[in-house]
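Presented below, as structure tokens, is a lone chain in the form predicted on its own.
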Amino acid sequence: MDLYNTHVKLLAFDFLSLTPTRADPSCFQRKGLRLSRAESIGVVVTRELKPGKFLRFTIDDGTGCIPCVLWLNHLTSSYFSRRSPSSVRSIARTALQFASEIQLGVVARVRGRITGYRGTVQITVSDAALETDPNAQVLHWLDCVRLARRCYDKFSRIGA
């Protein structure tokens, strides 16, 4: 069983302990388990907007701070040149909507690719949502602990 393309729920302390694999620097590992995508919830504590380029922000879940980047250059990036223009416009609109919602002090749920930048692990955001449920963070913590014990740790032992 493999969780490589699954958004795994991680607390910041666990996320920040991820290390890139030797064979593939775009792949990260947690106790030997290969991971490429993550989900987390936290309070937005930093926010740096470069219009038309990116939004860099940090979420704090109480166990640490996870750096996140949301790209906003979809309309000018050659990476999207093979996609249909209407799809790229839709992706760009969605990213701008996410960027407008991510403000200091809000509780946000982010999902995306695990990437490295300047020696630091971060989430390259593909999806972001504001959490209005006051219990969302606590429920996320409980999910993370339960999944780590019953799922992620078992997969890492099987793969070892």
Partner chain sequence: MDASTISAGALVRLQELVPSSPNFKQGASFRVIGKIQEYDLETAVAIIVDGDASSKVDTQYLNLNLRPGSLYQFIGELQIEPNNEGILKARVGRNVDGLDINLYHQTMQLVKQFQAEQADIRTF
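Worth saying up front: this structure is predicted, and the values here are computed from it rather than measured. Positions refer to the first chain, counted from 1.
Keep in mind that the form predicted in complex with its partner chain is missing from the display, and what follows is about it.
Of the candidates Ser36, Thr63, Ser126, Thr94, Thr63 is the one whose heavy atoms come within 4.5 Å of its partner chain in the predicted complex; the others do not. The listed set Leu130, Val45, Cys27, Leu49 contains one residue whose heavy atoms approach its partner chain in the predicted complex to within 4.5 Å, identified as Val45.
Within 4.5 Å of some heavy atom of its partner chain in the predicted complex lies at least one heavy atom of Ser17. In the predicted complex, Ala23 stays away from its partner chain, with no heavy atom inside 4.5 Å. Taking the partner from the other structure, its partner chain in the predicted complex has a heavy atom within 4.5 Å of a heavy atom of Thr58. Residue contact with its partner chain in the predicted complex: Val107 places a heavy atom within 4.5 Å of it.
In the predicted complex, its partner chain lies within 4.5 angstroms of at least one heavy atom of each of the following residues of 112 to 135: Pro134, Asn135, in sequence order.
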